[in-house]
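Taking the form predicted on its own, here's one chain by itself in structure tokens.
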């Protein structure tokens, strides 16, 4: 039987990082008057406040270094409590090409940089194959902290981190965005599409009225490691990226 410490660690690894109340919930018995719960829970209010705080901090940041300092002072995402390091981003602050993934993994959490594990090594090779140097691009994720056990991020976690990603894009001003996987593409286009439906197709991301950045969704390198047969499709996507860059 697990002790209290082991039980808490198990909950954290499973992604349970918040409590809904100080007392256990007990379903009301037949005939008893059920307590009316407020339409907006305290947890929802906290989430909305965190998103508002994130947007305000982003508006004040006038450079990537200022934005990174803002992230260091931001406590609105519970993932920060369970992560080892903040994974802000890596690369040229004025990059022409911006790569966006979903969230850091175990290697990234240990080193504090995005795409440094097996997925990162594959991404580096794919970039080099079309003449792109990693140091001249910028690589980041929607989330800056690793979800426990590499679980899928919640919509609330994405929402609270998204303002920081959008501000990065505004500051970097890339000519092209490459979305690695459906989560990244959907977060920036505010849609819900499978990667098989949208990969290889040029979409658009508009950071502000009158400004449009071409966005190319493709498979995440982690997916390609699990499904090597799909690498040919990603190669086709990267060739489209190379053509786009050469024409700009």
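Since this is a predicted model, take the numbers as computed values, not measurements. Numbering follows the first chain given and starts at 1.
Although not depicted, the form predicted together with a small molecule is the subject of the following passage.
Proximity of residue 138 to the small molecule in the predicted bound form: non-hydrogen atoms within 4.5 Å are absent; the residue sits far from the partner.
The small molecule in the predicted bound form comes within 4.5 Å of a heavy atom belonging to residue 101. Heavy atoms of residue 164 never reach within 4.5 Å of the small molecule in the predicted bound form, leaving it off the interface. Although the partner is absent here, residue 115 sits close enough that one of its heavy atoms falls within 4.5 Å of the small molecule in the predicted bound form. 105 is the sole member of 89, 153, 105, 174 with a non-hydrogen atom lying within 4.5 angstroms of the small molecule in the predicted bound form.
The candidate stretches are 76-84, 124-132, 106-114, 164-172, and the one lying within 4.5 Å of the small molecule in the predicted bound form by heavy atoms is 106-114.
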